[in-house]
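For reference, the chain that follows is the form predicted alone, supplied as C-alpha cells.
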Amino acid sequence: MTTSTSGDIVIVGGGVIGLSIAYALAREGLRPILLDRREPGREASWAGAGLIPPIADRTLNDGAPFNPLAALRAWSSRLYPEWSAALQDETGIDPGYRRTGGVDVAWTQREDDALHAAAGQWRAEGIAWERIPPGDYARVEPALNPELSSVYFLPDRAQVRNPRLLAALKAAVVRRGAVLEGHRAVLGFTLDGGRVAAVRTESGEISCGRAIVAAGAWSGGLLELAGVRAPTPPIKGQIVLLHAERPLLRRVVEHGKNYLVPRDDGRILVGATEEDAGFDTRPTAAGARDLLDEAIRLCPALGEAAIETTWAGLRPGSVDGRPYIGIAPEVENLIIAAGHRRAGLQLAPGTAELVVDLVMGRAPRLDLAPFRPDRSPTPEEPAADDAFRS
C-alpha cells in the first residue's frame, strides 16, 4: 500500500554527509526527514578510516592559485573539535576525535619529491610539520621501518572513529526532532514547474518544500531522475582491520594513497585500495594481500597482529575531484551535496554548514562557484587537494 506524507525538507542519503546536514539543520531548529536505502550510516562512511587533516591557519598558497577544496578542508578540520564535543555532550557517545599526529612517508626519490611539494603547501597554509632525519624515525613513531627514504611528521593530524561519529549524529538528530527512515529507498522525484514537489519512495510519496540529495555514489543516478547531470561514479576502497594484543602503532601513517590508522583499543585500520568495480562491495583476497604487504613493509611489527575482518565501501566520484555542493541547475529547490570521493568524513561539517546557509537563505560562508553541480573543470583552478590524499 502506498502512503503520502510531507516534510518541509527531505534529505536523500544517510551517510556522514546526509547525517551531518540533518544535524546542522536540526541545530537551526528545523526537523528534516532523512531517507536511506539501507540503515543510515552503513555505506562508505562506515567503511572509511576517519582521517582528519591538521587545522590550517591559512587557505591561500603564496603565489599559487587559491584551492577551494583546501579551503573547505581547512574549515571542516576547524569545526571538528567543536562538533565532536557538542555531539558527546548531547548524546553521551564519544565520536573518537583524537589529535594523534601522523607521519607521511616515502620509499623513493619520486615519492620524496611529492612529499617535499606537499610540505610547501603545508607551510603556505600554516600547518606544522617536521622532516625527520634518517635514524631518528623512532622518535615520532617507533614502529616505522628504519629503511624508509623520508618521514614527515605532522603533529596535528587527527582522526575520528567513524562508526561512533555516525552513531552520535543519528542520536543527536533524533533527539532534536528530525526523522530518520532507514530501508526506504528513493525511486525518483515528482517535479512541478521546475521544483521538486515530492520525493517518491517505494512506500509512497513525501511532499516537500526542499529536497537535498546526499546519497554518495548513488547520487548521480538519483539526480538523473530529476533531469540533473552530476555523475558520482563509485570508487571501491577495501580495508583490512588488524587487532594487536599490545599497542603496535601510535601515529597515523600515510604512504601515498595508503594509510595505517591506530585506534585506542589496539586495532589498526589498513587501507585503502582504489578500484573501478562498479557497485561491487565484496572484499577480495588480492586486495587484502596488497594492503597487508604494504602495512608490514611500512611497520614490520604489524606482522604480529591478528586479522580481524575486511570490508569495502564505495566512494562517490565527481567530474573533477571536487564535490558538488549547491543548488541543482533548473530545479530551484533541489540541493546537491555529493561527490566527495575519499574525503566525505573530512569534509562533512563544512559541507553541512554550507548546505544550511543555502537552506536558510544566507550568503554561503565559502564561495560555492567551484563546487557548482553544473561547473566545467578548468585548468586554471586546482581540482584536487593534493596536500591530504585520504
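Position 1 is the first residue in the sequence shown; the rest follow in order. Just so we're clear, the structure is a prediction, and the values are computed from it rather than from any experiment.
What follows is about the form predicted together with a small molecule, which we do not show.
J.: Please identify, from 233 to 241, 141 to 149, 171 to 179, 190 to 198, the stretch that has a heavy atom within 4.5 Å of the small molecule in the model of the complex.
T.: This holds for exactly one stretch, 233 to 241.
J.: Taking heavy atoms and a 4.5 Å cut-off, does Trp83 contact the small molecule in the model of the complex?
T.: Result no; Trp83 lies far from the small molecule in the model of the complex.
J.: Would you please decide whether Leu72 lies within 4.5 angstroms of the small molecule in the model of the complex, comparing each non-hydrogen atom pair?
T.: So Leu72 does not count as contacting the small molecule.
J.: So in the model of the complex, does Leu314 come within 4.5 Å of the small molecule, heavy atom to heavy atom?
T.: So Leu314 counts as contacting the small molecule.
J.: May I ask you to state whether Phe153 is within 4.5 Å of the small molecule in the model of the complex, using heavy atom distances?
T.: Because no heavy atom of Phe153 falls inside 4.5 Å of the small molecule in the model of the complex, the answer is no.
J.: Let me know the one among Val319, Leu302, Val186, Leu79 whose heavy atoms come within 4.5 Å of the small molecule in the model of the complex, would you?
T.: Contact check passes for Val186.
J.: Work out which of Gly350, Pro68, Gly326, Gly41 lies within 4.5 Å of the small molecule in the model of the complex, going by heavy atoms.
T.: Selected option: Gly41.
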